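What follows are structure tokens for two forms of the same protein chain, given separately as structure 1 and structure 2.
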Structure 1
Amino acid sequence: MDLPFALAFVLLLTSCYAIDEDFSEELLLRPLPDGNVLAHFHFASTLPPVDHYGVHHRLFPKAIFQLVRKFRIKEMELSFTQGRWNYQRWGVGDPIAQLAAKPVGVELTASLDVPEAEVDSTWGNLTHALSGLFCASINFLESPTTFLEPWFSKSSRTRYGALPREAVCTENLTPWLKLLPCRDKAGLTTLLDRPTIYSGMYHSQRLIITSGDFDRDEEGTTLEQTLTVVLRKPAVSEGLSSKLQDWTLSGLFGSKLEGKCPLATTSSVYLELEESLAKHLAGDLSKETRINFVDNRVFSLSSAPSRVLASLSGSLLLEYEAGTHSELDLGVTWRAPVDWSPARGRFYTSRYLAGSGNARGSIVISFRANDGPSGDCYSPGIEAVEYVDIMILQMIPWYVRLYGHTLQVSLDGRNVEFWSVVRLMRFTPAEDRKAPAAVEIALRVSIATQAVTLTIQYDKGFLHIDEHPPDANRGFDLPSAVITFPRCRVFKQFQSDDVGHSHILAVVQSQRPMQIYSEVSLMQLATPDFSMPYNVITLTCTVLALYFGSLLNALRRRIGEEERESKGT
């Protein structure tokens, strides 16, 4: 082998293996207008393409890699949520709110690179694997009555399922933490105190997998793990009103942050000040580094940030590097009462059930325009238009029989022609015990519209006695409706292009359509008298005992012996 060829071969090997695994951990804290504190943990693990890197890993969890390879997962998102995200108080029109807000219970979306005939069977096997991995009842999503193929996804290999009744507890968090290189022994995960997390007002943990190995696009596999907690405001202190209270990391989580995970290339803590809060600070926001964040007329911080990033919308992001502090106990002390409002988006959405009785009713989805400047959901760089597009996805269980011809749309309290507002629609009726009903509608309304109402009527079905859950009298949960505003792009642009290798900042800057979830509706069905089987069994056993007791007594009694015994005495 000649020397030039050998050198070229060595350089080729070096270039192939120069890309290594990467792991980052980040925490974003945000004071909320109602006095609570939002904590968003973001962990990201990146694996180079298998063709170049091989199957032996140093940081990437083996269990996730095996799932990706066995079930050929291109994209997957799994969430466990306890509580409901308050869109009016905590916001919807910003990237962090889009990451944090998920429906109650378990939600699973997966895009698989398998033949179309094998998608459903692969989906079922995937749910069983995830159920064992996270100690949850995800395997119930194997049933065809709990998942569907979203039409708007434009992919026949995508499946969506939800379990609104699934309870979330520490048994789901422990295996989630085991996927991290440092688990909960070092770095930001040491702040995850179980009682603190599960006593909060809202808690949501997510697992996002993106793999490019099957497309040969040399992107590798990325695993993102996020944990969002809305912590209750601390106890009332003297001085200010009870709305805003001083807080520190040790006060919120019970401990200080002592260093970073040794295996993490990035370990940062961010304090975000929303646009309406940042406006109260003295100084020119275009020259954000001149603002005294440690001590100003609105609040004071326990330590100065290492860097400040300002977005074009006016919000501020204060960065603290965990690796440069032996102990970081970031805290905020309020000096004056301040009122601000989050970015709410164009419409406030709610879903409720109308009607009475156990026979029939209607499902109503209502959109009401938000007042004030926060009602504009269009971000910088997106041209304003004269209409708003709304896409609705509803998955309804089979025992709720929808009638497609009863669909009605009203604008500002007036009924309008259905197809004058609806651009696209797919209505899939349910099959008893085989498939759920699916309603996917694309609406287009004027930007000046103040209220939109969508109504559909239904009849309630009957379940067998063995199909009822143990707490049947509580009712049945209808999964949340997924509502998307495709022309309303949610992202942030920073004045400085140097954002480093931060995964959370990359997610914040990426454009995505605004998506919200409706409430989980509780429906009452006709419930049988579960005591009747017990009463029937008791009565039957009593009758049989009396009958057979009398029969045996008559058969075994000997009259002659009784007479002789009586004469002998």
Structure 2
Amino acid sequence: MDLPFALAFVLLLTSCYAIDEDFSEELLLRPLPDGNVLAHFHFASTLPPVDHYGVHHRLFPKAIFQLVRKFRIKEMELSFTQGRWNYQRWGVGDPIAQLAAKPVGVELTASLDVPEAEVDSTWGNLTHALSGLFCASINFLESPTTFLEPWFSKSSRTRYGALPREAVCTENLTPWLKLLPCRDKAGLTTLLDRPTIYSGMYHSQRLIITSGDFDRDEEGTTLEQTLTVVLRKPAVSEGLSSKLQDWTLSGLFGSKLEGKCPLATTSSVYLELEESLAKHLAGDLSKETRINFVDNRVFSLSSAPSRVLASLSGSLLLEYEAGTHSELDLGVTWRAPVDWSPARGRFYTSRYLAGSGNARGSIVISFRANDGPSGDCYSPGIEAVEYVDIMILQMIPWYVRLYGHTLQVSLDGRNVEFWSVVRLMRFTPAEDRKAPAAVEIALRVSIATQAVTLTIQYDKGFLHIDEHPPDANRGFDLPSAVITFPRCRVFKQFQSDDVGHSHILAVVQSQRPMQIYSEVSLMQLATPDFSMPYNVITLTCTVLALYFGSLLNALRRRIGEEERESKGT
């Protein structure tokens, strides 16, 4: 091999993966139209491939690395969520909302590089390891009634499970913070004041692992930890509009941002202004060459950004370097009442249970076209002009017995022939106490459709007395339906190509199909009287004892004789 070729080869190799570990911390703040503030923390650790870098690390958490090696995790996403993402007010079709919106409770998706026969057992062990790591009852996902193999996923070694009932609190956050090199001692994490983030309207903490180590595609391992909180608007003061309140970092989190984590290569804070808000600025600034971000007609900022990124669709990202400001107390003061709307998808989705009583009912998933300005997503292909594709994944516990023949689709209120709308469907019936039912449907409807409704009827099953959870009268949670619009790509393209090391920007720029989650529904099953077995025992015993006693007396006693005897003596 001659030298230039060898050099080129080496260059090629090194260009494929990073040569050193890397850690970055980023925070994205976004004022929401309803006056609340979205804060999205994004931490990322990357690790070069094991073959080149070895197994000893300086930044990457050992626990996660061991997890990846032991269970051969190719991809994993774990989320802990409290509260419900309000799609109408906080946005649907934008990348951050896409990342932030998760179903309430715990959701786990994992793709494992193990032989197909071992996937289920590895998944079980993984759930146990994760529940130990995060102090949560993720191990309930080991039971085959709680997870399934999604049909629409890329590989057959993927499993999906959700625990809608899991409560999320600080005991889950502390182990999550422990995975960061600076924990909550320095940098952006110092803002994470526990009472503040748990009193917010929405809280979702995630762990995303991708590892290319098992495919030999030279990608190494990436750990992304994100935390999204929607913070309540600050207490009402004498503001311009009753809706918008001025806010500062210290006002929201109780402390200013001081310095950065010394181990992070990137440490930045972004302030995102959505398209419809940025338009107000543009209108103001059409005469000027540059937008004055610090002080303009709509708002004033407490400090000037170091960089401004504008996306092609018109939204703005103001970037602040956390390290350069010795003390950063970013704040927005509103000057004029502005009204803007969040990014919206083509459809609003909701799921509800119809019917009453403890015997039967029906599940309804409905899509309602968005009547306002629709935040359009990028849709490749010509068909997308005429059609909308919708994919639904719904897992139903076994004690909800679905009737497949009752599955109906209606468009704009009229029932239509099922297969004229449904392109593909997989209906996996449940097995009692062994597997949940899974309904996976791919729909294609005309773009003019205003409402799509899917209905399926069910009978409620009976559970054994010991299968009821504590507080059985509360009801049972049905996991969210996962709804994907495969042709609708959610991403933002920035005018300047320079995204640097920023993981948030990389996520925002990557094309992903739009995915939303339905609400978690609560279903009432016939709750037994838990003292019943003992009542039955007592009653039966009493009846038998009475019967035995009278039989014995009938055999033994002679009334007349006893009377005679008592008279005789």
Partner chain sequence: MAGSTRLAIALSALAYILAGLPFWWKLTEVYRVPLPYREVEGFVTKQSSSSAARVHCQLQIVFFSKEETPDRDAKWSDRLEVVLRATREWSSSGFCEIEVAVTLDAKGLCLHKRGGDRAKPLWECGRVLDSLHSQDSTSIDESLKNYIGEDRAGKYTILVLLDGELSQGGGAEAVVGKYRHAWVVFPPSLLGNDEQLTRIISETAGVLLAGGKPATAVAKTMPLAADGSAILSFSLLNADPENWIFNWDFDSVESQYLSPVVDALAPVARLSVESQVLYYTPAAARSQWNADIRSHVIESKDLSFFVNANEWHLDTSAAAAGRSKVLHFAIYVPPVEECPLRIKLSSGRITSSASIDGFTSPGWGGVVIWNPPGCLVADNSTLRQRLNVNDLKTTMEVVVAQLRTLFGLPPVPPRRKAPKLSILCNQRTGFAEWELDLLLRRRVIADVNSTASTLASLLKLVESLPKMVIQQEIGVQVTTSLEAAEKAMDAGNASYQVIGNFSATAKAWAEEAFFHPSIMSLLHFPKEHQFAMYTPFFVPVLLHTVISVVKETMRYARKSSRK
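The term rigid core refers to the most C-alpha atoms you can superpose between the two forms while keeping them within 1.5 Å. Not measured: the values here are computed from a predicted model. Numbers follow structure 1, counted from its first residue as 1.
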query	finding
Form predicted together with its partner chain, given as structure number	2
Exceeds or equals 2 Å, Cα of Ala526 between structures 1 and 2, core fit	no
Smaller-part rotation in degrees, where the chain is treated as two rigid parts between structures 1 and 2	33
Following rigid core superposition, Cα shift of Asn553 between structures 1 and 2 in Å	19.9
